[in-house]
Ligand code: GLC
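This document opens with one chain alone, in structure tokens, the form predicted alone.
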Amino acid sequence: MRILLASSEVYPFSKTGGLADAVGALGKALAKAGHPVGIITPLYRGLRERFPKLQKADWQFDLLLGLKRVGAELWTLEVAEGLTLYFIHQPAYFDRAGLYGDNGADYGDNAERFIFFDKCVAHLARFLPWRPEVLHVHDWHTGLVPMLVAHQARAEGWTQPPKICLTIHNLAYQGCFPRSNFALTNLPGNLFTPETAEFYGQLNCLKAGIAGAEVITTVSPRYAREITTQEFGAGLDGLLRKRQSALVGILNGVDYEEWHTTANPYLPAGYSAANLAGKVECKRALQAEFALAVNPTVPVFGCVTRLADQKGMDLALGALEEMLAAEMQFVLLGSGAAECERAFQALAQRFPGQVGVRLGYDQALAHRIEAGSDFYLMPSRFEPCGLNQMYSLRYGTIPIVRRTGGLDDTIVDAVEDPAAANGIKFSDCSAHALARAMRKALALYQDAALLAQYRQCGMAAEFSWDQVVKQYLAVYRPS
């Protein structure tokens, strides 16, 4: 099956979150399974320098965007057998400091940037010589692609367009812009309706994708159910209920070629489920790196996250205020809301040697936090899938999660199955509930045999993309 993916970010070329990890790993896994795969993504600043094997293709875009024409180049990279990356080189739109914004603010022309990107996606899907049979688009940044493809098929004679699958990685981000931006699509105005892209007078890119894609997936089964409810539907629950027969929840996988503990260049020592001695060394090194008291008997709680309301970081702050009187340590790597960044920095200043905070994102440090921590905090208000809890399991680090979305799908609490327990769950969305879960973790830490059992269960958990690919192929195949 010939498959074309489109995403605003793809690891290792660009990344702000789990979207990049998921698309990059899915593309690799599909190609490994023997399918010709292409991935379309913007050519962001610095990529040609970081990946010198990128090549300029003999392909020029000259596309109508509202009242003007915009050009772009196509660059390509053969990543693996059967896997080609297609990069849209439009410096005015993509040669910038950030992917979506800078200094905490979104770029004012994001609608224009990604409508142009969507037009490039539709253009490639139509004219690539290998004629993709499936076009798999991801999140709001590619949400207008189904409308563009449908219009070209209907009005411009595009015969046998590819089947379109839309994956919702996070329904909270919908790409809402003033309705005037719809003119940039050059689609007939009568297509801008409450049944398609109109949302309370605005252009809603994700809504357009949900309305137009043949099949819709989310990144966990529970999240597929949650988003059809008013509580988690972010205003689109009615449309999602209407399209429920086309909605499927497929849990993201883990790229175990990247996330492993045996010969990982990011880790100071390797280890495995059979020999955890290296994890002790990783913990010592992590404590030293964050200027914490180096003591292997003190439990370390880790967190790598966006500092956003969704991630429950206010709950974490409240719980830590309650828990730091106990013998424990906490390390954080993340960035986001300025007030949240300041709050964690202040916490580190108040508890030197016990709390360590790094702002920003560092892939190598993320691995070291996963490996060196004893417990991993994910108190999300909602979580479409979550990847860090799955990374934690493979690293022998016990996740503490709220019962929501993919967190509930992947973690087993002792209440559910004592023999298979690999983490700690809590339900109430409160700092007190998280603190109570952390106290359970401290008690667990004192029971060496039980701690070892949890770690063994976690490291044995399997979330391979090889299994995920089978589910996607079942969705891709025409009914």
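Note that residue numbering follows the sequence shown and begins at 1. Since this is a predicted model, take the numbers as computed values, not measurements.
Note that the form predicted in complex with alpha-D-glucopyranose isn't included here; everything after this is about it.
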Residue stretch of 162-170, 227-235, 104-112, 177-185 approaching alpha-D-glucopyranose in the model of the complex, non-hydrogen atom distance within 4.5 Å:
162-170
Considering alpha-D-glucopyranose in the model of the complex, which of C385, I398, M313, V145 comes within 4.5 Å of it through any heavy atom?
C385
Out of S373, T404, N252, T196, which one falls within 4.5 Å of alpha-D-glucopyranose in the model of the complex, going by heavy atoms?
N252
Using a 4.5 angstroms cut-off on non-hydrogen atoms, would R96 count as touching alpha-D-glucopyranose in the model of the complex?
no
Indicate whether V121 is a 4.5 Å heavy atom neighbour of alpha-D-glucopyranose in the model of the complex.
no
Please tell me whether any heavy atom belonging to A25 falls inside 4.5 Å of a heavy atom of alpha-D-glucopyranose, as the geometry stands in the model of the complex.
no
Even though alpha-D-glucopyranose is not shown here, does R306 get within 4.5 Å of it in the model of the complex, heavy atoms only?
yes
Since the partner is left out here, which residues of 1-39 would have a heavy atom within 4.5 Å of alpha-D-glucopyranose in the model of the complex?
G18, L19, A22
